[in-house]
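The form predicted alone is given below as one chain in structure tokens.
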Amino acid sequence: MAFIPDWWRDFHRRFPGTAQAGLALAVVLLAGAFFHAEGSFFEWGTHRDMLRQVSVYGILACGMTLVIIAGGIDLSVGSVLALCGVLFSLGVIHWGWPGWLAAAMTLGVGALCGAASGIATAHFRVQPFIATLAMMVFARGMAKLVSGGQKVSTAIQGADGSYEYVPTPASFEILNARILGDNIAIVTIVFLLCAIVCWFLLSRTVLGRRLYAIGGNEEAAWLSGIPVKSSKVLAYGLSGLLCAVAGMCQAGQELQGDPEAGAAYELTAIAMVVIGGTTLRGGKGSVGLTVIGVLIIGSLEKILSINAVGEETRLMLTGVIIIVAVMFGKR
């Protein structure tokens, strides 16, 4: 079309899908400007709290982006988050470990869970849906086993049934803190760092190019000499690693490890990736688009919340938006 300026064509070539995702975000923000709940939408505190609330989901979505670009899916992220949150809480509260040691153990377990799903998918050719569904069930059961089916908090039950309260671990206080005059939450900073690292991996490393190639055409990638199996295992392992990061952030925010945490988080993470514009077929998308998807879902949830819209209506609207986003992306 002759009337489309060259700079706009170049923008689309360099950042495919960004215009559509940005337009969707603009529409949501415009809706917030109209339904501002007596000016609440224009207050920084509203958006600060929104960013804090979606940061854990955003971390999961970053890992999910790596897997989806490689042509897979990861349904286990919520359960792995719960397992890692419980293990981290046990380490710093019950076992008295220093924060760095508990974090290292938690990151290792998360990466191991993700890599196990990747091995089942890549080496044993189990469908990603089935492999990660099995890991979802296994990780949830493990979380309940190691926690005794109870929340791991600073209230420790003694042999006589009484509870003794211990001080809140310093690692929890750090993860639950805010900086810059209480304007930015630490978990939001963690989310942004995870997004930057994943963006770098996808856009500036050999692994990123391999994941795009595998998602685009796995057989062609294999014939061209790309180590498909190890690359897929790495993608799932990184997703599990980010689940561990999200689990620690969740535990720090709630000041406890909950074996029931993370239920249906995988659906929200997938929705954020898809709404941002990353295709479920694999081979196309970016972490930048996922960040926009996180902002779309988070802003929409906050707009509905400040306008006292019920949870059932929020869920229905989110479902409609996912369908519209997928149809718009295909078009």
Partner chain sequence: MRSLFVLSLLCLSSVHGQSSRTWTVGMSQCNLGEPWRVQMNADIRRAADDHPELTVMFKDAQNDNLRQRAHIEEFLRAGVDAILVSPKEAAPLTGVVRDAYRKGIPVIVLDRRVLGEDYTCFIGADNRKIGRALGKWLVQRLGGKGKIVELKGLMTSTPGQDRHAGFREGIKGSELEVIFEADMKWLEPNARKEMESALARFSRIDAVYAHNDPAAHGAWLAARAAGREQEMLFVGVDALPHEGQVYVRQGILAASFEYPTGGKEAVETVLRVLRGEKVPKEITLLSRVFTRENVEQGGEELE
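Residue numbers count along the first chain shown, from 1. All figures in this text were calculated on a predicted structure; none of them were measured in a lab.
Heads up, the form predicted in complex with its partner chain isn't pictured, but that's what we're talking about next.
Stretch-level contact check against its partner chain in the predicted complex with heavy atoms at 4.5 Å: of 123 to 131, 94 to 102, 234 to 242, 253 to 261, the positive one is 253 to 261. Contact here is defined as any heavy atom lying within 4.5 Å of its partner chain in the predicted complex, and by that definition each of 155, 173 and 305 is a contact residue. At the 4.5 Å threshold, heavy atoms of residue 40 reach its partner chain in the predicted complex. Its partner chain in the predicted complex comes within 4.5 Å of no heavy atom belonging to residue 299. In the predicted complex, no heavy atom of residue 210 sits within 4.5 Å of its partner chain. Although the partner is absent here, residue 229 is not a contact residue: none of its heavy atoms lies within 4.5 angstroms of its partner chain in the predicted complex. Contacts of stretch 46 to 64 with its partner chain in the predicted complex, defined by any heavy atom lying within 4.5 Å, are made by 46, 49, 52, 53, listed in sequence order.
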